[in-house]
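There is one chain below, alone, in structure tokens, taken in the form predicted alone.
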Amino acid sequence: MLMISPRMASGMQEKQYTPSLLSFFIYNPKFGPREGEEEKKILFYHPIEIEKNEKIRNVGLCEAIVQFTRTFSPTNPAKSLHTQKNRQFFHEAEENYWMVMVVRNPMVEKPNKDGKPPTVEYQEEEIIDSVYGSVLQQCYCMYKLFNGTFSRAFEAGGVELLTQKLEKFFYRYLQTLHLQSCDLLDVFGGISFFPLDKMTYLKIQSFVNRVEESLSLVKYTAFLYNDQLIWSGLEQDDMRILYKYLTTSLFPRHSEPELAGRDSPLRPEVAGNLLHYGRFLTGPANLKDPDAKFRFPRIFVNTEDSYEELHLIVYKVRERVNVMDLNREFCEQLDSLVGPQLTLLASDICEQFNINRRISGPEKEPQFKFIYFNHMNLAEKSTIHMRKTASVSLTSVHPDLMKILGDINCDFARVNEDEEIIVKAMTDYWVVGKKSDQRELYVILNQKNANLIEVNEEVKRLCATQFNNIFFLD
């Protein structure tokens, strides 16, 4: 991506280039062990138009780096390679299956006088290893969700089937990779949970149990409202990547105004035969269409244990996700059972959401913004991000502050002990990071004249008001 910033004094322009994907490839060193067979190692390479010898040379270099670093750390080989112009990231997704992502460092192109070529300055320190290393791992997790593991594909159809699957998936997926939008939330890969009172939560749990009992083909269920998770029967790691797919890809493609509350004139009267607003986001657009296609995406869960292959149905009144096998009769049964009840539940949730907003009063610009993450249940909350999708990350703070948050997170990752870091930014903002009992809290304070003691007291007040039921070590 290119951004141009005018120089008012001289009328000259600076060109700023954000991080971009240079290449992405997957190889297995066991597939071409002999000299002259190096090309057999390469299972996927992007961009495809790269000349064969260059592909072999790049893969060979990565293989050599990994093998060399194994000499010093057999169980923890290199994860990244820093150069002036780019950054390479390595990930062994499965045994002997290596994924490599090469990212061009951000740079600034400064014009020179007298017609000389522009000066290029590479900003290699702007790239945070943990962020883009996590993006590479997400690439594998997303592939595995829709295709299963590399080794299963190889066992089923050899290298030919595996390369077909890789090309079909990554050709499209890499086009959705917007590296300039990646930040600390990509490291966490967390889930935003919707807070509910006990009675409404019990209604939802009862509803889910009733659906799974009535429809025997339903294997797992997840229940979401407003892109936030309320209930899930999936394993945590499977729900984590499915949640990312739903909230950054599927839901944005089908966005529409949320259902109004029960007393709203937008909601028709529900009497006799229950009306409902339910529809399928995957599968048939209209159940009454005799030519409707009942094809649903396949997903793979529990790949470490039982290796289950299922179908994904996304049925929406607010947001409602089921994972199950299906046909026309089943979909009609699901629609008639789930639609009316889900419509009523969605209205209840919406009413509670509006009541909570009225109680909290009009929104004011707070003196602090924060990101919270819990490693145990993957709970994530951010008041810094106004919008976060695969293609855009709109934050309410300067990118330099986001870079400081990433650096603090890297410091936390190096040690296992609980700790706290306080930073005074050049822009007079204070940045605080707290790590305690597998929970992390990052706070940005806009208090120019505050001292260290005042900042510490302000963070304590934040913890008392926003996280009063969460224990943070002082």
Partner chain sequence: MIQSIFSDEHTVVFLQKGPLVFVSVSATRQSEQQLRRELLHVYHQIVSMLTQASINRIFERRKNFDLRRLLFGSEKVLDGLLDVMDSDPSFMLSAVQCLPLPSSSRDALSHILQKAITPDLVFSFLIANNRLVSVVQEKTVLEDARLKPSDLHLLFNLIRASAFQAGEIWMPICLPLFNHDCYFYAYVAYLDPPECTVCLVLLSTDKEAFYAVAECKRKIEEAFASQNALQWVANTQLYYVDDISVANLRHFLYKPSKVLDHHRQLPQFTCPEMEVGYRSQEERIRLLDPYRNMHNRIHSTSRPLKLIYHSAGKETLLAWVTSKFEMFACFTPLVTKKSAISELTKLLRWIKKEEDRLFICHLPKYSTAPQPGRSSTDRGSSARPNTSDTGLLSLL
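Residue numbers count along the first chain shown, from 1. Worth saying up front: this structure is predicted, and the values here are computed from it rather than measured.
Keep in mind the form predicted in complex with its partner chain is missing from the figure; the text below concerns it.
- Partner proximity in the predicted complex, defined as non-hydrogen atoms within 4.5 angstroms of its partner chain, places exactly one of 245-253, 396-404, 142-150, 162-170 at the interface: 396-404.
- No residue of the trio 30, 95 and 241 has any heavy atom within 4.5 Å of its partner chain in the predicted complex.
- Interface residue among 119, 367, 73, 176 relative to its partner chain in the predicted complex, by the heavy atom within 4.5 Å criterion: 73.
- Within this chain, residue 81 lines the site of its partner chain in the predicted complex, having a heavy atom no more than 4.5 Å away.
- Looking at residue 126, you'd find a heavy atom of it within 4.5 angstroms of its partner chain in the predicted complex.
- Within this chain, residue 424 lines the site of its partner chain in the predicted complex, having a heavy atom no more than 4.5 Å away.
- In the predicted complex, at least one heavy atom of residue 77 sits within 4.5 Å of a heavy atom of its partner chain.
- In the predicted complex, its partner chain lies within 4.5 angstroms of at least one heavy atom of each of the following residues of 42-69: 65, 68, 69, in sequence order.
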